[in-house]
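In structure tokens, one chain follows: the form predicted on its own.
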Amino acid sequence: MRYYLKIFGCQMNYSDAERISAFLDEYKIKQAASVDEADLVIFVTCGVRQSAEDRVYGQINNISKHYPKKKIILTGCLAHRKDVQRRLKGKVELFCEIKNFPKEIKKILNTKYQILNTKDKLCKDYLQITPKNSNPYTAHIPIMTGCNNFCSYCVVPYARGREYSRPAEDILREIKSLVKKRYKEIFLLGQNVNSYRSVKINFPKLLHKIEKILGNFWLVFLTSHPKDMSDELIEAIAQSKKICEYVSLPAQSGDNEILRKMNRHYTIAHYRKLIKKIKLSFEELRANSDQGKRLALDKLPPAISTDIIVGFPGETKKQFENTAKLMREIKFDMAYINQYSPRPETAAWKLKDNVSKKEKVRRDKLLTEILKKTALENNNKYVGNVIEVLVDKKLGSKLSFGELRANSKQGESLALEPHEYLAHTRTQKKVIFFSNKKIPIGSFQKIKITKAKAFGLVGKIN
């Protein structure tokens, strides 16, 4: 028997898929290279936006039509919804919430496919499964799942349940194992990662424990909620050698009334104060570097990313302008801008979706133009500096060398056919760089930045 995974949505879903793969590998069920070769097709779904949901419907209908003998399992954020189950009745073999996947999939393995020896392997918590990591140098570790915030637009509390934090010992054990395997970058994941709490260990204390693990690796975490961005956490980020200078802090809107309707539990004044604290903490660290705090010399200025929803029910043009004003003021390095999509079960589902699609598109484009300007302004500060990057992959030779040659004096000194690579910085900025020699994928390298773009950097090996 072979299985194939179709994954939609966030990095948490990709992390869940790695645990699914590891679980199935235990029973010698091999992963197929394509749907054509698979007996079992597993959909790890996302219900955050209608567009992602519609892709699931389309692909399941297509598989059912062309491969009627293939068995389909649907897990992830759509699995619990009765309307989804009714719509896909007769096409999906099993609807299973991710937390119940080990137990539910074993029922099928035993009763339908007669895979032996599955009853003696119990797994009460799917997060205890050691994942089959898909990347040999970057790993994603869920430290918590679920959510207690009930933002009015969000399905997560209904799809994943209330917040559950993994025991710190389990997380530390998993990280130590990865570091021994020479992993270079570790992402800590959670719907609201900074609300983590296990017994007496809160999120900053967990970070301090990870900091003490020996090894050369970067530590990144996603995604934070402004209400849980404490002074203790900001200090931990600024003073750590391992925690990357990248803070994902969704604002969702720049208008207090919209934030209230979203049930976000903070004001724009509070959000501005948090951003100021984050930036100031790094500035103070650099100012004190002459007093022996040498780690400040190795820290980059923090890169701030955010999430924004445009066209929330009732959002007026003036309220939208407040969001645009916030983006101009904060000067984000990255913003994930989403057009509001009504979601079943949420409080906002009952509100009239009265901002037209055309207006949502207009607002999306306007914010994207603001982002391009602020991101480019931030990226220009990298030009001329030598920074550490993590090499992601080797690229073809057809794109950027000519551009670098035209815009950079250093380009003339490179070989006519250099190797071209894609990498990223500690601040999660993409970097295309060139080298006359082959560079190991998954290695740290020092790169001199020669050019900045809105959403990336160009450089060469130092």
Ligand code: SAH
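Source: prediction; values computed, not measured. So that there is no doubt, residue numbering starts at 1 and follows the sequence shown.
Omitted here: the form predicted together with S-adenosyl-L-homocysteine (SAH). The next part is about that form.
- Contact annotation: Gln252 falls within 4.5 Å of S-adenosyl-L-homocysteine (SAH) in the model of the complex, judged by heavy atom distances.
- Remark: Ile309 counts among the residues lining S-adenosyl-L-homocysteine (SAH) in the model of the complex, judged by a heavy atom distance of 4.5 Å or less.
- In the model of the complex, S-adenosyl-L-homocysteine (SAH) sits beyond 4.5 Å of every heavy atom of Lys394.
- Residue contact check for Phe332: none of its heavy atoms lie within 4.5 Å of S-adenosyl-L-homocysteine (SAH) in the model of the complex.
- Heavy atoms of every residue among Arg49, Gln191 and Gln339 are located within 4.5 Å of S-adenosyl-L-homocysteine (SAH) in the model of the complex.
- For the candidate set Cys154, Ala159, Ile210, Ile98, a heavy atom within 4.5 Å of S-adenosyl-L-homocysteine (SAH) in the model of the complex is found for exactly one residue, namely Cys154.
- Checked against S-adenosyl-L-homocysteine (SAH) in the model of the complex, the residues Thr223, Ser240, Ser165, Ser281 give one hit for a heavy atom within 4.5 Å, which is Thr223.
- Residues within 4.5 angstroms of S-adenosyl-L-homocysteine (SAH) in the model of the complex, judged by any non-hydrogen atom, belong to 341-349 and to none of the other stretches in 341-349, 314-322, 89-97, 375-383.
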